[in-house]
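Take a look at this single chain in structure tokens; it is the form predicted alone.
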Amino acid sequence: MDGDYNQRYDCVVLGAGLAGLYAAYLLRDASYSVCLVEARARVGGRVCTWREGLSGQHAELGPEFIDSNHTRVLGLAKHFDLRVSTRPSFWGASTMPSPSRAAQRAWRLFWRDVRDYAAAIPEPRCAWQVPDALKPLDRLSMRDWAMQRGVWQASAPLFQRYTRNMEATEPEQLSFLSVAAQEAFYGDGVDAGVYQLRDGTDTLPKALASAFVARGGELRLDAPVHAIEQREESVCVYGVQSGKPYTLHARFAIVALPFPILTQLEWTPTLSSARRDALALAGRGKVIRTLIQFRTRFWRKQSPHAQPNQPDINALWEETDLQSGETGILSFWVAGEPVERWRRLNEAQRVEQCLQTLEVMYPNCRAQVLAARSYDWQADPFAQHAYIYHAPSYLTEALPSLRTPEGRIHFAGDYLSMFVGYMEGALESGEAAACAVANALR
């Protein structure tokens, strides 16, 4: 019998992304026995910092921006003495023509509607509990509302740019109520993307993992789980590590895996039909990140030669504005529907597409390329998406049931939070799951 078979814990946590890491850290800090299991060879999940071959610089393939109301991220950074900096010299550029005045007017009308409905949401932190009169808005997409208001035709490119940048999807796939709910949730006075972890976003999950292990927690890497069995007084987790099967027993489990993975596991008893139906409503945001390091930061020394027209690349910005050195790294963001086209390209072809676009702005810039990397989050077997967006009906019909446990199994992940697609959402959900398990253990 495998030597791991008889190991027992108060809680086993599946997934060492930020949600699972924080849940495990909090439970171990409260002196409970915890085993944290991760399929990858590293912690962090979709937090992924590129460092190899960059001569001391780094860039992010996953999340990087921190808003001023991300109190858990900022608090943990302070607790672990991680350097947090503002981004006063942030450089970014558009690869699309400027919108017409008609488009801007239509866009302003749309956002006036959004703010009106945002003001009608009584408790933005629980936006799934909106009054019945607002629930039909959750079945409408952003495009549906724009069509009804007669503003779609004039400003469709602005809608596409917004949803691809912010939600990694298309206007017809995003709930209108979700747009209003997030406007209410963030509110006035929140500075968006103002902070960054100066030494790389991966310093946060690494700090959490080190603290968890230092407190006596058990961390298993390269240990993918394939089955979960819930019994009357325990949970059994089955997986493979280093080619050997293992079984873990715990009084409770926290499943902090990306939501597309959940229905691919073997559940005994089966995952409830209500949860499966709710998961089917979750939107899988699509993102391909391409990073290119150049010998110099020429974009800061000269004006663009011309304006490219490449709508597939929705955003372009510098990753190294807080880093020293003559070299610099640019990030190219492709999200939403264009990802399906870019997925048919290999990594070298995606880099070439980015360079062709950049050379319209800065001719002959490819001569300065030092390194490049392009990452398709949909092809990552342990993520299968970039981050969630609220598809029509998800907010009011799916999210409430997804936030509930199933017996001894609790769930965590950014898909359970109103901090949609942010590290703060992962931490918030991990904290909630840890608190629920700690209460049950008491």
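What you are looking at is a predicted structure, and each value in this text was computed from that prediction instead of being measured. Numbering starts at 1 and follows the sequence shown.
FYI, the form predicted together with a small molecule isn't displayed, but the following is about it.
Which is the contacting stretch out of 319-327, 365-373, 223-231, 99-107, given heavy atoms within 4.5 Å of the small molecule in the predicted bound form?
In short, 223-231.
Could you tell me if R289 has a non-hydrogen atom within 4.5 Å of the small molecule in the predicted bound form?
R289: yes, in contact with the small molecule in the predicted bound form.
Is L395 part of the interface with the small molecule in the predicted bound form - any heavy atom within 4.5 Å?
L395: no contact with the small molecule in the predicted bound form.
State yes or no: in the predicted bound form, is some non-hydrogen atom of G283 no more than 4.5 angstroms from a non-hydrogen atom of the small molecule?
Outside the cut-off, so no.
Taking any heavy atom pair closer than or equal to 4.5 Å as contact, tell me whether L177 reaches the small molecule in the predicted bound form.
No, L177 sits far enough from the small molecule in the predicted bound form that none of its heavy atoms falls within 4.5 Å.
Identify, from the list C35, L399, A386, A59, the residue with a heavy atom within 4.5 Å of the small molecule in the predicted bound form.
For this set of options, the contacting one is A386.
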